[in-house]
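Included below are structure tokens for two forms of one protein chain, each presented in isolation as structure 1 and structure 2.
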Structure 1
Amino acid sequence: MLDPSRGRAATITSPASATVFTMVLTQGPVSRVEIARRTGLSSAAVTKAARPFIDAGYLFEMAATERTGPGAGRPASPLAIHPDREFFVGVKITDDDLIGVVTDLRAQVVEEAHRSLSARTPEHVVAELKALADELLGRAPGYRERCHSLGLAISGDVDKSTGLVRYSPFLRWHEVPLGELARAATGLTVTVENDVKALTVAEHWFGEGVGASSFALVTVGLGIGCAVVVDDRLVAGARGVAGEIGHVPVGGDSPPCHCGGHGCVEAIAGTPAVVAAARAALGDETLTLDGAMAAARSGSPAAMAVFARAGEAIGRAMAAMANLIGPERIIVSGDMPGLAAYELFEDQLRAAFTQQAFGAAADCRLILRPSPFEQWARGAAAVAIQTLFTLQER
């Protein structure tokens, strides 16, 4: 039985402790023998690394269920996670809404809540963040006592190491110290990450990316996002913007993009761009995304051409990324408004990807995985989990 009075312990003290804990967290239950086999650590090193986690209540030994090897008389006791040893708050910040969740150690959502934003100023957003976190943590005994971390996911250029939002196009933020402001307001340890990278972390540790040493996640929605994992590590780049295929130029000199460039994938295939192009093509300034999709599904050549161009742009950018990193799989995800039109451009996306991908890169498996905003909030919580249980350079 878990003792809720146990204090939080700083148990990540070495590469071995990080390796052992994360393997049990993401792939467990798993025996010490199996951990040693997979990692190359000695049995003694695995036992030494696991002991602090057991003492702190994060891990426990299950009943013996398997033997350590042929002829061995001693059964192994798999290590498993106490998922409710610690809780995490994750929040996805959009331009008009906050979507919040509480997760356990395995990033399983146990609570969720939404809060509308009446303004986009950092001060208003942070005040609403505090209110949302207080609401979520007040829903059940133990949440507040066992929650020390808040993860925030936001679109745009984010410096995760400092919590600085350099640029968020949909909120129109520039150089906002969101991490610092949220820490002061909530009293929690705060991580801030680009929303696509946060969703990728959740897939890497707890989803379709488990077991893949390299994969990419591409999101389709208001913008076109991408994040990549190479050699089992999320690639951030020198300034945290690696993987931004939304701003790969595939359209020549047009159309202009909000980033200041021209012909970017996002300026062709993001939801606002698709709606604008459909309005121009059909001569209807009141047309919505739903209306554009309906027109394309009814056979309108002009509307179909808009979605076809979007699919081709995304496919070409995905191929460029695949040629550079050679992922085992690409997960195509995003919120439902963006992915609702997927079947209207899937053929063009796949054709462009196959045509432009070089050699065996074209064999990369494409996986469609819609992600409601609660999953993006879960991604923010997953970043907080990963940050807490990854050895940090000091």
Structure 2
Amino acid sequence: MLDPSRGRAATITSPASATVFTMVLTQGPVSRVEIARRTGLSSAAVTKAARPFIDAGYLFEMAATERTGPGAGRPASPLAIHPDREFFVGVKITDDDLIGVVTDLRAQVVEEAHRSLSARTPEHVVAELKALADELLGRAPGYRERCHSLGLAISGDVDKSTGLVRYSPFLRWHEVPLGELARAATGLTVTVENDVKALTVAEHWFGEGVGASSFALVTVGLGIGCAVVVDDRLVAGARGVAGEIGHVPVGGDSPPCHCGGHGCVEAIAGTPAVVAAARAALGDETLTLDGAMAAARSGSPAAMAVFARAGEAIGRAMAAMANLIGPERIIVSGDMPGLAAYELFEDQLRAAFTQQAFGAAADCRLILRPSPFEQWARGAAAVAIQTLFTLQER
């Protein structure tokens, strides 16, 4: 059906072309009349913007099936997307493995693969990245021809505009030009983003965020992370710092946090803090998180109290965020092993949120659900998709 020999679509060239394509991608099928209504563009502008994407095989006109509203004189032919017109590789980089996916244009995962890391040097990680991408793109004919973009998600301080990893604590990287290295190795266009932001982009364009003017995503794991979308834009922070919910001081004067502050939610509810508290509470210096969860599930009041305190701290920090920003909904997610403990603190989290949220902020919908690493890799692919179809600032 598709002719892969066709050129790629003309890149996004105007705000109108970004708006129209994005609307069909994230909310389609949708008629031109409806696009014009929602965006305020003229019908002619919608048609002009859609044309290059139709010519290049990204969009197509569905058969006319319905009239839209009393004023419409002609039947509407909704615009829809060919999801397999282009593929994207997304990789989540952790401190000991790479989790990779191939997705289609709608960020649906069509392939998955993992590789363990035997070292944390940028050279080794990039070599494994190339091997992983080759493995993924070799799995079916057409992937390689229709894939030009690689998205990478990594925890830490990332400059997305240049692909520079300024600081990644778990990998112990400083100033690593990951985007450049990965581009040279793979030949793909590379986008690098902070992993929490990447997960948020996937929700924003392809998940719970669709149709919400604002939402927040909170991740629970080694750290407590957060990213916020307001007025349909990811809040970036004037100095690159935003969404640092982990350092909301909900604990009063204690405990001290690695950030230099005190009482931070991360110092109470991050995995290392939970394990340390459980070891102290149970008098077992070798206890693991799994052991602490097992103790709590078997009814140990001391172990249960540790998880309860973590849930309360997270709920209070989320309430502070909701009080300040007022998101329509909050998605609470996390990586392994943080997410496995949900059942042990969900009640306390919800209760603390409700108690500390101000007025109508307490009505904010909380959606708790795990995000295995494949979801983070999908987030990386979503960032590559979003980058390709967003008008880049000059």
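Quantities reported herein were computed from a predicted structural model and do not represent experimental measurements. Residue positions are counted from 1 along structure 1's sequence. By rigid core we mean the largest C-alpha set that fits within 1.5 Å across both forms.
Please state whether structure 1 or structure 2 is the form predicted on its own. Looking at both, the form predicted on its own is number 1.
For the two-part rigid movement between structures 1 and 2, is S77 in the part that also holds V210? They share a rigid part.
How far, in degrees, does the smaller rigid part rotate relative to the larger one between structures 1 and 2? Smaller part versus larger part, rotation angle: 12 degrees.
Following alignment on the rigid core, what Cα displacement (Å) is computed for R239 between structures 1 and 2? Its alpha carbon moves by 3.7 Å.
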